Every structure is written in C-alpha cells, then in structure tokens.
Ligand SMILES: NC(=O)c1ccc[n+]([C@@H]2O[C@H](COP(=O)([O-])OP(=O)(O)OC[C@H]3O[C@@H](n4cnc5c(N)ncnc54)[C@H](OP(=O)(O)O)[C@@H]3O)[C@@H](O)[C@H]2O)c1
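For reference, the chain that follows is the form predicted on its own, supplied as structure tokens.
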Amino acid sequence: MPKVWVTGAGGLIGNYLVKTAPHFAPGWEVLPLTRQLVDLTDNSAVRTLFQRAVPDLVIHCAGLTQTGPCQQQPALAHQMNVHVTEFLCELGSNIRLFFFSTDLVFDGVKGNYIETDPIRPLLTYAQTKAEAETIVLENPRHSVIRTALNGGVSPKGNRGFNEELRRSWESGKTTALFVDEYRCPIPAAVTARTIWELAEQDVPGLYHLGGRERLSRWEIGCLLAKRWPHVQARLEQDSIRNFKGLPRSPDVSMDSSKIQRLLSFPIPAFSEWLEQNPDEPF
C-alpha cells in the first residue's frame, strides 16, 4: 500500500483526513503525525522518521494558523509555516507533497480570486503562507491548496470557525458579525474528500478550494444559528469599516472551478451542505 503522512493530524483538516481515509482512501496506509509523535521543528527527528519508511505522499496541514498568535510571534510563525515546510519539501523532493495555504494571501479588494491572480497578504500568518507557497511550487511534483474558511468538529473543539462561534454563544456572549466581509466557507469533511480524490491523481499545481457560495460573516452566523436551534444565538450586524484592529481582507472569495474539474462530486454550497447533512456533527 502506498504510504501517506498527514501532518497536523490533531487539527481540523488533518483529523478529517485521517478519519475519512478508510472510506475515501482505502488504498492508502496513513501515518497521522501529531506533536506527540514528532516535533516538526526538530529536523533530525523528522529526517529519522522519514528515512524509516519513506512515504509516497506528504499532506502537510500543520502550522501556526491563528492570525493573532502569528502576529504576536512572527519568528515562531516563520519557523512553523516556512522552515518546517521547506524542510519537508527538501526531504520529499522526489515524492508528491500537498501544502495547505490560505485564502488570506489575497488582500480582499477584488474577490472571486482565481489561481493566477496576484497575491497581497496583509498579516504575518498569510505572509508566511505566501512565502511557503513559493518554496513548495519550486518542485513540479508538489502542490499548494489554498483553502477557504473550514468548519467542522476538531479534536480540541477550537479549530473550526463554527466551534468558536458556538462557544461564544453558549457562554452568553454576543458576537458582532460583519455584513461586508466575505468568504467561501467549506466543511472540513468536503475538504478531506477532495484531497483524497486529488491524491489518486497525478496533477500537481496550485489550487483553490472553497465552498460554492460567497457568504458574509453575518450570513454564515445566521446559517449556524438556524443549525443550532437549542443554542441561544446572540448576534448583531456590524461593518468591517468599524473594525479598529489589525487589517482585514474584506472579500477573499475564491473560484474553485480548477479543482472542481478533477472531482467526481460537486463541491457544495455551505448552506446546501448544512441542509443536506442535518445529522453530521458540526
């Protein structure tokens, strides 16, 4: 059986990749890499593990992915998001590698971005992802997956955008949601299925992967409030123009038609998926 590493297996997307593998990738032997198994910043340990049984594919989900901690600790963000990726690319120079990047590499002025649009990351998190993208794409066997806002149930209950919103409401907080900040949310379960289908093909390159629906933060919140009728949803409309914090990208919606052409199923709209999967934990 071909072997695949899934880094960041304790996170949202990595966990979905591991738990859906028996269904969507029964022909793969999956090694879930968590911090408990190996410290990805320890080059010697990673090299030893790699040489013990060279994988046929690395799906690299791990990284420092929260914008606040990245902004506060830029050196750590660079180490986790750039140096770790660079070393994995070096080790896996002769195999395939998928690297997860972000829609936030765009400044959000245009919206509906395609893969050939120029990037302009605004914050440290996105800047480190953009730098790593360049390294990954130097190898014609490697791929970059720019993913949109992912939701689902993570092992620690704090990685999906839906989990953060639900915790706020359950603690009695009111959330101000922007009516003019847009994403293409996608369930991590759909992301995982997409990646496993991509793994069965030899089509390296740069891909966008988001839901088939451009939604504002407010619209996303309203959909989730409807999903959880037993949770007292406290939400109010706001505008990104009123935000006084770090710069935000107002519209990083992406066109995912390039990756869609490779798939056996239609990437769903977020609202459609919620309606069609009422019993799916979310």
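Here the structure is a predicted model, which means the values were calculated and not measured. Throughout, we count residues from 1 along the sequence that is shown.
Keep in mind the form predicted together with the named molecule is missing from the figure; the text below concerns it.
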Using 4.5 Å between non-hydrogen atoms, is residue 10 touching the named molecule in the predicted complex?
-> yes
Is residue 142 close enough to the named molecule in the predicted complex to count, meaning some heavy atom within 4.5 Å?
-> no
Wondering, does residue 162 line up within 4.5 Å of the named molecule in the predicted complex on heavy atoms?
-> no
So in the predicted complex, does any heavy atom of residue 39 sit within 4.5 Å of the named molecule?
-> yes
Select, from the options 231-239, 58-66, 245-253, 218-226, the stretch whose residues sit within 4.5 angstroms of the named molecule in the predicted complex by heavy atom distance.
-> 58-66
Taking 96, 98 and 136 together, does each of them reach the named molecule in the predicted complex with some heavy atom inside 4.5 Å?
-> no
Of 80, 123, 199, 130, the one that lies within 4.5 Å of the named molecule in the predicted complex (heavy atoms) | 80
Heavy atom within 4.5 Å of the named molecule in the predicted complex, from candidates 89, 148, 189, 206, belongs to 148
